[in-house]
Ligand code: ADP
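Shown below, as C-alpha cells, is a lone chain in the form predicted alone; questions about how it binds or moves come after it.
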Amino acid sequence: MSTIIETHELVKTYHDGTQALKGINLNVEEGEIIGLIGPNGAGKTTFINLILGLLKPTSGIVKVWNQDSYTLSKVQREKIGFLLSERGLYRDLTVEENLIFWSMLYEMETNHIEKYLKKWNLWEKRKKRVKELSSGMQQKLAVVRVMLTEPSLIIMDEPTSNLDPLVRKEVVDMLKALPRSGKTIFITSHDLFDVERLCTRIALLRKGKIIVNGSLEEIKRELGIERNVKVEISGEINDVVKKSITDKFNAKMQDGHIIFSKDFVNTKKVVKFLVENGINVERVEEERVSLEDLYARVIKEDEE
C-alpha cells in the first residue's frame, strides 16, 4: 500500500502571526477514508489548502504522491477531486449543462454523464436549473461533479451537509465503496455520525495540533476508555450481594443497573452470579461510546 499524502512537522504561520498548524505529522495511505474533525478555527481549512497546493507551508513537509503538493503537474492535479465550501455549480445552468461544462473543462468526453446522473439518481432532474434544486440536491450534484474525472484522491469539506437522511445515507454508502477501486478519500466534517460510519481512520485537530489519530477503537484505547456493560435488573438486592457485586466484579450500582468493564470482567460470569443469587436480569447491553462522546471528552479535557 502506497502513501498518498505525507506531512511531517508541518507548520503554517500567516503574515499576521497566526499559527494555524503547529507541527502536523499525518500520513494517508492508498484506499483509506480519513476524517479530519475539530472545532472551528482548529486549522482544518488551512490543512486542506496545503494538501491542494493552494498554500505553501511555513516549514515542514506536505507531499502528495511523494512530491511537494505545490509543485504537482497538471496531470497529477487532475487526479485530485475536491469539494470545498464553494460547490462549483452554475445556478442558471441545468444539472446536465453543469456536468457538460466541467467535462469540457477537463477535456473529457461527455458521453459518460448519463451514467453518472443515473448512478446518483439525478437523471430525472437533468433538465432542471441548479437554482431550482433543493440545497441537498445541489450538494449531491456537487459530489457528482467531483467524481466526473474519476480522481484517485478525493478531498471533501462537509460532503454530507444539507442532505436529508435518505440522501445522506446514499452518499455515505457510495463514498464508502470508492476505496474498493483504489481511491483515497480525505474529508472534513462536523457531522460526527457520518464520519464514524464512513471513515476508516479519524484525526482530531485542535488548535493546530493533532490530538488523537486512529480508528475509533484505537482512539478509545489511547484515551483509556473501557467497554462498559450495563445489566438491567429488577427486584431488591440485599447489602451482602451488593458488596459482592462491587468487590468481585469491580462494578457499580446505578439506577437499577449494574455497570462493569467488559475489558476486565466476563459478562457470563456476572449474569450467572446474579441469577444464582435470585436477582432477575432483564437486559444486558454493551454501552456504546460514539465518536461524538469521544470528541466531547477530548475537547473538554483539552480546555481544562
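Bear in mind that the values here come from a model prediction, so they are computed numbers and not experimental data. A residue's number is simply how far along the shown sequence it sits, counting from 1.
If you look for the form predicted together with the named molecule, you will not find it shown, but the lines that follow are about it.
In summary, among the residues 290, 280, 18, 25, the only one with a non-hydrogen atom within 4.5 Å of the named molecule in the predicted bound form is 18. Using a 4.5 Å cutoff between non-hydrogen atoms, residue 244 does not count as a contact of the named molecule in the predicted bound form. Not displayed here, the named molecule is kept clear of residue 69 by more than 4.5 Å at the level of heavy atoms in the predicted bound form.
In the predicted bound form, residue 41 approaches the named molecule with a heavy atom inside 4.5 Å. The partner is not drawn, yet in the predicted bound form one stretch among 266-274, 32-40, 59-67, 245-253 has residues with heavy atoms inside 4.5 Å of the named molecule: 32-40.
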